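Just the one chain here, laid out as structure tokens, in the form predicted on its own.
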Amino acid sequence: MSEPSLRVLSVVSELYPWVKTGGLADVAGALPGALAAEGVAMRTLIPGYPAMLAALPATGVAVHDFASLFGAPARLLAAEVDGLGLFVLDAPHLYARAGSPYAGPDGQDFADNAQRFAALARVGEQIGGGLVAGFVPDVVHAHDWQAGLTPAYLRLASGRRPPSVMTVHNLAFQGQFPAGLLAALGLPPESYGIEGVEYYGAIGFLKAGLRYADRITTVSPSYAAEICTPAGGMGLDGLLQARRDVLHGILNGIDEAVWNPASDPHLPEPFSATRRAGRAVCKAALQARFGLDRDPDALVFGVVSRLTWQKGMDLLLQAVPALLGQGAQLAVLGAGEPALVGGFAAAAAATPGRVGTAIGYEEAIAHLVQGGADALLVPSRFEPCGLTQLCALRYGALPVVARSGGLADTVIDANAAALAQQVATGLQFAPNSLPALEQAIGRAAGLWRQPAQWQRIQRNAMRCDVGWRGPAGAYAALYRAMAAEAG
């Protein structure tokens, strides 16, 4: 805190608790507060979705008027909400819509997503250039493809601009749009090439960010290594390998005020690492909520996930018979691919009292699953970091995870050596296959039948540091190095 305060602009498309489809929102909402302790003042630029505008207080002010921003007037609003410094881009023609941030109620992507998120990036670049008096950032931090053009606009702009860092939360989502939009998006002709924004004959928003940013980060060290390989690079491994000297893996954390079993308002009974008796009450409430048999001795596996191939939910669906064969129960919270949603619903109907589902996502139910389940299943085929296993550690729901990305970096497998040294915090399995997942479920069931061993692992898990202090320090050091290089 003795060092001079550094100013950072964060450019994001989601922000907890107002707009969330995944972990990006949680990270964007928690990181600014953690950085304040490191002497970094972060403000967040986000689109003016209806939920964001509704959250703004009357004290919010317009700090800039755009006569035309991709076809119509717009305003940039500034406010502080729940301790977060915000810039909200009020552009009704782009953001005043029902549905998710990216798609309408019918699930179809908005046809003008290129313009919607180019507008966000363009305003981010302009704030970087001094658009707002009193806040000229030393660094601009862009997140995922929706903000991917921000580093490109900064690098291609005339005049001095701050350096930028591009964070990849999930390389699978890349934001590709027709090449014919180049001029409409304000990108110069010379930017359309392999050393620019061109990506397999299209404009790649994420590719642009990875190409033009001064630094690249991902949300775990293992994922940073994986995306530099053909198997994990999703077609961008060549670029990432070439830029490996500026690529950093920084683990995510979770907001320990939001995820705190000792004070969680969503739990029927609080508990902590040293006083875990309240977990039994939470388990009974979880079983009641999911229609499971009330059996305190049954091993309850929980799931809080998108029901997709990436998350390995097809493997879990196939593993349900093996799970039930261990005498266990399963509580699934999530939404996603119709075939998987239907498959879990059918499993619940076929085995009442043993399998229960809550289709969709509700924050309160997610907290109940973490607080009441004995173990949490995360069989992802690839996982940049994962937040659900961090919450599980904090709440004592032992994570059973695939050995990939951030899952491998955050869970210590209960193998013989780890058990002997009393450092295990969960279970890992590899390869990502049905037999390996079934074996991991069997290992968990075997540990469950050894209460003293299970409780020791649970205590280890709940004492893990899963907060933002360490990651915030790493980001602050990165920002300072970038600012120093820029002079």
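Since the structure is predicted, the reported quantities are computational estimates derived from the model, not experimental observations. Numbers for residues come from their place in the sequence shown, where the first is 1.
If you look for the form predicted in complex with a small molecule, you will not find it shown, but the lines that follow are about it.
- Listed residues 287, 174, 217, 305 were compared with the small molecule in the model of the complex; 305 is the one with a heavy atom within 4.5 Å.
- When you look in the model of the complex, the only residue of 325, 360, 193, 104 with a non-hydrogen atom within 4.5 Å of the small molecule is 360.
- In plain terms, the part of the chain that comes close to the small molecule in the model of the complex, with a heavy atom within 4.5 Å, is 330-338 out of 239-247, 124-132, 194-202, 330-338.
- Annotated contacts: 32, 38 and 480 are all free of the small molecule in the model of the complex [non-hydrogen atom within 4.5 angstroms].
- In the model of the complex, residue 22 approaches the small molecule with a heavy atom inside 4.5 Å.
- The small molecule is not drawn, but in the model of the complex it has no heavy atom within 4.5 Å of residue 141.
- Using a 4.5 angstroms limit between non-hydrogen atoms, residue 386 touches the small molecule in the model of the complex.
- A residue is said to contact a partner when one of its heavy atoms sits within 4.5 Å of a partner heavy atom; residue 366 meets this definition for the small molecule in the model of the complex.
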